[in-house]
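This document opens with one chain alone, in structure tokens, the form predicted on its own.
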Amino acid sequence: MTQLLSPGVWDEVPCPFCGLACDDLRVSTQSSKLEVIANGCPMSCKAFAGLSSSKPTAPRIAEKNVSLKNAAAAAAVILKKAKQPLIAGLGTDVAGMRALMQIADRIGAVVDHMNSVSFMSNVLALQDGGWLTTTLSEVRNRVDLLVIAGTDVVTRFPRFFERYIWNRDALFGSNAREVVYLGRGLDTQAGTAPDGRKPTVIACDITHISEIAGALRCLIAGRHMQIDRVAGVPLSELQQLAKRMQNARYGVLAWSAADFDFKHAELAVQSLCELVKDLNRGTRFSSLPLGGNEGDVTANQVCSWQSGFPLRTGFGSGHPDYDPRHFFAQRMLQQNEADALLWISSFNEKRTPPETAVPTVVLGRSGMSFNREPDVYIPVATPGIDHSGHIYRTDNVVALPLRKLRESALPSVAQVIAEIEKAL
């Protein structure tokens, strides 16, 4: 529970800027800028410091300051006129996403997240064949072999190793844990154990992760392979890794789909999922798909429980329709299939909407700058800073409560959507 230790200093603060949602930060609010004074990482320190309370808070219509009521009315006119509105970005908390789902249903909009290019790789693999996943708590307490495919993890989740791999308070100890990287050019420093043991690195092109996974499946099944290399990796290295994975007591295969920047990345994810299933015939192994930045896991959770479908769902037919290809926001804008865009980004002022000629309404963090000014811009509060709320962690099982840390004149996404609905 977030506590006020002294005037202007908060303890046990959850960080809303990363999928790990680390909940042990100590934050000072004694100046116009927030400062992480304990347990921060480069990402959280920069994000909190950038949340100045002195940035403009007035909504704008065509670059002119207006009241929230007038801005909401202008937004309502744009959305009401649209035959196919698109609600995208979706960088918000649970309450904000619930409000967006409600207005999407009312106006027949499509909903899609700004991170869906990578996020949908996981969704499509899950839908096609299912997966066996674990939680961060299980990783923290049980893992003895961590295999990381195609990512260094710490670029996107800086405290992952500190909190979940080299932590000292694991139920079953962490001294003997082993780390293996699959990839080339990765920052593997964080995988070095506290006692100096280096991680194993199997250098390969991440675009060939599917081939590596397929070879490991063959080896685990006891099949003979009449080749010396797979995707440039000596077969002997893969044979050693297959044995280590089979001998693990609680192994975990982790990846970040955001680092799979190649076509049909969902097939790579599916290959990794099938490898984990094969391993479970003889030992205990789990997947750990890492995501959650910009509220993508939160948005997908709310969309799924309220509509029965994941993101890229539309409501134009009067009921939820899920179509992962046609309801891709970027494609819809490029093909002129959307005639109004409502863009949400309350965590990151740099995640602005794609440049488009369609009428655009932006609910974004204060201080956003645009190459093309949107028709309506309404600065909104940041969850966990300016108002309380909830966000889902990367492992999907924990909704962390966010606490209001300071007074702000900015409305929440949910409050702005309520004003727009009043004007519809």
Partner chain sequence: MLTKLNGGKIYDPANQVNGEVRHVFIRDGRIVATPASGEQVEREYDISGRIVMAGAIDLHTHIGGGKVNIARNMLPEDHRGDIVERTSLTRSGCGHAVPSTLTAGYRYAEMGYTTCFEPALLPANARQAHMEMGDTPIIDKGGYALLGSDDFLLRMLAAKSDQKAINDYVAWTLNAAQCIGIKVVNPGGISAFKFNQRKLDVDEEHAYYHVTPRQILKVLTQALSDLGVPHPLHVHGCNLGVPGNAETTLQTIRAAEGLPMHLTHIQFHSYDTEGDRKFSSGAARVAESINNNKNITADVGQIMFGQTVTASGDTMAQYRNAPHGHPKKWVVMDIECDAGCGVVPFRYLDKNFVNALQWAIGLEIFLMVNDPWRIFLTTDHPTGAPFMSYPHLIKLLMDKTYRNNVLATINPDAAAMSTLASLTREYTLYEIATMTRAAPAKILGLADRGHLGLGAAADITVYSEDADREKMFARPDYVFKDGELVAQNGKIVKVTWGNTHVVKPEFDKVIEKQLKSYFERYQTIRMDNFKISDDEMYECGHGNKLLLHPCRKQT
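As the structure is a prediction and not an experimental result, all values here were calculated from the model. Positions refer to the first chain, counted from 1.
There is another form of the same protein, the form predicted in complex with its partner chain; it is not shown, and what comes next is about it.
> Would you please decide whether D128 lies within 4.5 angstroms of its partner chain in the predicted bound form, comparing each non-hydrogen atom pair?
Flag for D128 set to yes.
> Can V179 be called a contact residue for its partner chain in the predicted bound form at 4.5 Å between heavy atoms?
It does not: once its partner chain is placed as it appears in the predicted bound form, V179 has no heavy atom within 4.5 Å of it.
> Give a yes/no on whether P199 approaches its partner chain to within 4.5 Å in the predicted bound form, heavy atoms considered.
Answer no; every heavy atom of P199 is more than 4.5 Å from its partner chain in the predicted bound form.
> In the predicted bound form, is there a heavy atom of its partner chain that lies within 4.5 Å of any heavy atom of P194, even though the partner is absent here?
Residue-level check for P194: no, no contact with its partner chain.
> Is its partner chain in the predicted bound form close enough to D23, L132 and S307 that every residue in that trio has a heavy atom within 4.5 angstroms of it?
Every listed residue reaches its partner chain in the predicted bound form, so yes.
> Exactly one stretch in 340-348, 149-157, 227-235, 319-327 has heavy atoms within 4.5 Å of its partner chain in the predicted bound form; which is it?
Of the options given, it is 319-327.
> Just one of S137, T207, Q239, Q334 has a heavy atom within 4.5 Å of its partner chain in the predicted bound form. Which one?
When its partner chain is considered in the predicted bound form, the option within 4.5 Å is S137.
> Only one of K80, K277, R244, R217 gets a heavy atom within 4.5 Å of its partner chain in the predicted bound form. Which one?
Contact residue from the list: K277.
> Pick out the residues of 383-408 whose heavy atoms come within 4.5 Å of its partner chain in the predicted bound form.
The stretch 383-408, when checked against its partner chain in the predicted bound form, contributes S388, H390, Y392, R393, D395, N396, V397, V398, A399, L400, P401 at the 4.5 Å heavy-atom cut-off.
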